[in-house]
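The chain that follows stands alone, in the form predicted alone, written as structure tokens.
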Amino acid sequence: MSRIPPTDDAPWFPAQPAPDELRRLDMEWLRGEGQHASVVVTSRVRVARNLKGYRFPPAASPTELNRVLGEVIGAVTRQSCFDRFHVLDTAQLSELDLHMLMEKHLISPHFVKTSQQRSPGRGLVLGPRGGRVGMINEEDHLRLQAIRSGLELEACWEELGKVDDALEAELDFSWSDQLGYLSTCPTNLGTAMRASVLLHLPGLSLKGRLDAIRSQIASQVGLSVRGLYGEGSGVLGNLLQISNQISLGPAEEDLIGMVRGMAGRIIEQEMMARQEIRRDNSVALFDKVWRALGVMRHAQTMDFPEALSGLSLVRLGVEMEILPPIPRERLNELMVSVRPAMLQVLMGQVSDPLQADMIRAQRIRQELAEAP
């Protein structure tokens, strides 16, 4: 990455990646590896940072936002640890590409919305295979995250710390001796860190315990439970996300320990639920997962919620060695590639919902037909 300093009011962007490079389904977290990867789809750690001397993004002027963007781009281009990163001008991305990045868990729904409105000063720092990402001028000046497959919160924090330290060496972050890192949202004060895990819980769902699990998590002080895309999103495909709710007080390692501890308890309950189902009604379980595989291999139309529910059962059958082996990475990729924006990116844009459902079913048939 060449090192050309940006100007204050008209930020300079490095060369943008080719559209195919951005759209390729080649993400670090899709590997399906790491601790407890049969249940934990992703681990993610995110920190919020703001630059001293500028108002927070919701109150900042276009000039301020552009200057923040310019400062961040300058810092990234001066640090060698970002040499393999891309800095994206989100104003140049289509709505489809923005939604595709959200479906890959690289940007938030809020960032999609502000970028769609062509608000000034928005940018994205994207690391190799999406393992580390920085949203510029989302709710805070910087939202940095690291994401990996499996229960790997400590590894995420270690990777994110290197990026955070490199930027803090270049930028003057807003800090209070009493409150820690300052943020737009009071719940992000202190460490300004969120640790989260995305869990696949089909066993608990089949046992009718998913709502109880959600209540169990929500009742714990300092924890929150959300759907597939985080705050404000619903539960699809038996996927549930848990994270710390507060960041003021405990140290980063303690927050990670809190989330890991709850994740460990839910993983244990999920594995017990799977064994209970197999022990108490194995015929019904075998029938359910084989039927799901049959539908996935032969259906002619498939909407997104149905596809995710069916793939959830197929993945359960594979994990429990009821169905023929299918690589976890392939199933992870399929669960992403059938999402609405990703489907259009990979298979071509269609405006007719029925045609989109036909294309989704076709893609699933093709992928699962190749499985043993």
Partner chain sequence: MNVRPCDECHSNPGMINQVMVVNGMSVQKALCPLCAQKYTGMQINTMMQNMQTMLAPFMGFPVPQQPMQPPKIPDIGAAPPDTTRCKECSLAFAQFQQHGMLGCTACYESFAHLMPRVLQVAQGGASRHHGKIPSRSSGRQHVHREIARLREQIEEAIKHERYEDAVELRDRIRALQDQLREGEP
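Positions refer to the first chain, counted from 1. What you are looking at is a predicted structure, and each value in this text was computed from that prediction instead of being measured.
Keep in mind the form predicted together with the partner chain is missing from the figure; the text below concerns it.
All of 329, 333 and 358 within 4.5 Å of the partner chain in the predicted bound form, heavy atom check: No: none of 329, 333 and 358 comes within 4.5 Å of the partner chain in the predicted bound form.
So which of 169, 91, 272, 212 gets a non-hydrogen atom within 4.5 Å of the partner chain in the predicted bound form? Selected option: 169.
Considering non-hydrogen atoms and a 4.5 Å limit, which listed residue (260, 207, 226, 297) is close to the partner chain in the predicted bound form? Spelling it out, the residue with a heavy atom inside the cut-off is 226.
Using a 4.5 Å heavy atom cut-off, which stretch among 320-328, 58-66, 35-43, 22-30 contacts the partner chain in the predicted bound form? It is 58-66 that comes within 4.5 Å of the partner.
If we define contact as a non-hydrogen atom of the residue within 4.5 angstroms of the partner, is residue 97 a contact of the partner chain in the predicted bound form? Because no heavy atom of residue 97 falls inside 4.5 Å of the partner chain in the predicted bound form, the answer is no.
The partner chain contact at residue 179 in the predicted bound form, heavy atom, 4.5 Å: Looking in the predicted bound form, residue contacts with the partner chain include residue 179, since a heavy atom lies within 4.5 Å.
Is there a heavy atom of residue 249 lying 4.5 Å or less from a heavy atom of the partner chain in the predicted bound form? Although the partner chain is absent here, residue 249 would touch it in the predicted bound form, with heavy atoms inside 4.5 Å.
Report whether the minimum heavy atom distance between residue 120 and the partner chain in the predicted bound form is within 4.5 Å. Looking in the predicted bound form, residue contacts with the partner chain do not include residue 120, since no heavy atom lies within 4.5 Å.
Those residues of 174-209 which, in the predicted bound form, come within 4.5 Å of the partner chain by heavy atom: Stretch hits, in order: 174, 175, 177, 178, 179, 180, 181, 182, 183, 184, 185, 186, 187, 188, 189, 190, 191.
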